[in-house]
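Next up: a single chain in structure tokens, the form predicted on its own.
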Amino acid sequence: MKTMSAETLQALVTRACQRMGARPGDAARVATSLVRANLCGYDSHGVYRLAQYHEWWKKGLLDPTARPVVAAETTSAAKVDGRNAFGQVVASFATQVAIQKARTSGMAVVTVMACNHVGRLAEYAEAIQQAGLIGLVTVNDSGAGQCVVPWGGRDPRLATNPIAMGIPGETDGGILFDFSTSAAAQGRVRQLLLRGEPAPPGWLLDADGKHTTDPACLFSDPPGALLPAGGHRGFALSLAVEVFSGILSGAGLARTDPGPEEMNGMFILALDVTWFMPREQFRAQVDQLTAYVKTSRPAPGAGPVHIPGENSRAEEARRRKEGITLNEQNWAKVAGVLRDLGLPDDLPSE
């Protein structure tokens, strides 16, 4: 196990991205995103992903020097070409385009193609939320990453296709959620495998279409599959994500000959509440809503009620104080990248 401060991990990942050719600001953007995912408890989208990015870079599938551009736009819509740059750089750029257009037009829609893995999706919904707007963000794998079965099927046809939303409040942090339309994110299953832990029932099917709790089945040959979240409901939402993020963006949709799995298609919606009501009134009513919901008495063996986003904020505060702990497998992946790039990997535990 390796425990380090967020600042130490930030410096390590930043230097690694710079060695791959990224500009200092872009390298810091990627590092901030990965470390923040670890801080918020999303270890499946944290610094261990550096190994994937390093592999894609060596294969020529990721261009750390590239900069995203607006390929086409109107006053309230834009299409962003990520040019195969770091996904976090592209997604952050597209999010700022959406924020600026929403402030002018009241609402904005931005699609993204040629974008590598964007990381923790809530990050971009949160950026819109912190700008005082409502944000909705969806991502597909450009038609690849097919590890989720359609409801009633046994052959995987869809990716995990997450959805994130941020709604600003006045004093209580508002509402922020990020969830896969599958029973779990693929990275979360991989983390269970690395830790030698079983998956909860209802997450996985093996290659024969039988229910299993063995996370290894998802990465075997032939592979198993994830189930959709909430049965037919998650399946329906996943199809919507394919339309928004894959078809509208031009990034690619689920089919027999999809593009490379590392590419994300992205859809961003930003809505300025002041076009409908005063911002202070809206935020106060969001706080009123969340405060009322939390008055529900805890169910036996559960509770108390938490508003989406609360647990992540609490976990971030704890890990900033106590440090981020990487298990041996995750640290080995990060250390391997550092060694390959000629950077030291012998930092002591803190």
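Quick caveat: nothing in here was measured; it's all calculated off a predicted structure. All residue numbers refer to positions in the sequence shown, first residue = 1. By rigid core we mean the largest C-alpha set that fits within 1.5 Å across both forms.
Keep in mind that the form predicted in complex with another copy of the chain is missing from the display, and what follows is about it.
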Exercise. Quick one: does G187 come within 4.5 Å of another copy of the chain in the predicted complex, counting heavy atoms only?
Worked result: no
For this session: Check whether S105 has any heavy atom within 4.5 Å of a heavy atom of another copy of the chain in the predicted complex, and answer yes or no.
Result: yes
For this session: Indicate whether another copy of the chain has at least one heavy atom within 4.5 Å of a heavy atom of F282 in the predicted complex.
Result: yes
Exercise. In the predicted complex, does P308 have a heavy atom within 4.5 Å of another copy of the chain?
Worked result: yes
Problem set entry | Heavy atom contact within 4.5 Å of another copy of the chain in the predicted complex, the stretch among 118 to 126, 87 to 95, 165 to 173, 190 to 198 | 165 to 173
For this session: Identify which of P260, G202, G132, G153 has a heavy atom within 4.5 Å of another copy of the chain in the predicted complex; exactly one of them does.
Result: G153
For this session: Could you spot which one of A317, V69, L61, V293 gets a heavy atom to within 4.5 Å of another copy of the chain in the predicted complex?
Result: V293
Exercise. Going by heavy atoms, what in 166 to 182 lies within 4.5 angstroms of another copy of the chain in the predicted complex?
Worked result: I167, I175, F177, F179, S180, S182
Exercise. Core-aligned, is the CA shift for A122 between the shown form and the other one 2 angstroms or more?
Worked result: no
Problem set entry | Core-aligned C-alpha movement of R157 between the shown form and the other one reaching 2 Å | no
Exercise. Using the core for the fit, does the CA position of P201 change by 2 Å or more between the shown form and the other one?
Worked result: yes
